[in-house]
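Quick heads-up: it's one chain on its own, the form predicted alone, in structure tokens.
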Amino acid sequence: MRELVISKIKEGTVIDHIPAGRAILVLKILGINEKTRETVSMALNVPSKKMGKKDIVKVEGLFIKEEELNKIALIAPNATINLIKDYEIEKKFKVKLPEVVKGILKCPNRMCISNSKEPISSIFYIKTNGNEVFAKCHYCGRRIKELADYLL
């Protein structure tokens, strides 16, 4: 078996245990696009004993913010975050699903007050059912399952 080799980063963030196919969405959450100056490594569909297949994202020079962590937790609830300094893991932790998110998800209900012209941020309660993550709108009660489709 051939081994996958991705170079170490000096300082930055490594996000591991992303469900296969979601790394591109993680890059979007981090605001990484073709204009990004940071060095970015992305591995898709990497063999994983725990997950079968997984994605990995490494970003040199970027340290993740709490709002980004909350969004990543919604689409990759088992992701691991490694904060790197001088090529060593300074801090390692699992993302934690927030109980409530504000202004992160858009309600699919067009009639919901959070979609009106009122100055109201969306509020969703995050719940799990086994491995499934879903959100329930505070205002209209609509439940959504594919949270990635409703990220703001």
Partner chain sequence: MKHLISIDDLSKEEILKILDKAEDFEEVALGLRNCRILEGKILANLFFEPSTRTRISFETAMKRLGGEVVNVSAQEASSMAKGETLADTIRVISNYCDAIVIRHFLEGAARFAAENSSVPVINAGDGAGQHPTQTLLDLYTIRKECRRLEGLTVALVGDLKYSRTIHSLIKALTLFNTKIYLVSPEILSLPEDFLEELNGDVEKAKLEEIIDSVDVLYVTRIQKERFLDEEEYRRVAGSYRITLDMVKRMKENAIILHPLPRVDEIDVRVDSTRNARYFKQAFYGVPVRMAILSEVMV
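Positions refer to the first chain, counted from 1. These numbers were taken from a predicted model, which means no experiment stands behind them. Rigid core here is just the name for the largest C-alpha set that superposes within 1.5 Å across the two forms.
One more form of this protein exists, namely the form predicted together with the partner chain; it is left out here, but the text below deals with it.
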Which of 83-91, 63-71, 35-43, 113-121 sits within 4.5 Å of the partner chain in the model of the complex, heavy atom basis: 113-121
Is C140 close enough to touch the partner chain in the model of the complex, meaning at least one heavy atom pair within 4.5 Å? yes
K136: touches the partner chain in the model of the complex, heavy atom cutoff 4.5 angstroms: yes
At 4.5 Å between heavy atoms, is S48 in contact with the partner chain in the model of the complex? no
Closest heavy atom of K8 to the partner chain in the model of the complex, within 4.5 Å or not? no
With both forms fit on the core, is the shift of the CA atom of R22 between the shown form and the other one 2 Å or larger? no
Superposing on the rigid core, does the Cα of M51 end up 2 Å or more away between the shown form and the other one? no
I want to verify one pair: N129 and K53. Are their C-alpha atoms nearer or more distant in the model of the complex compared with the form I supplied, knowing the change is 3 Å or more? farther
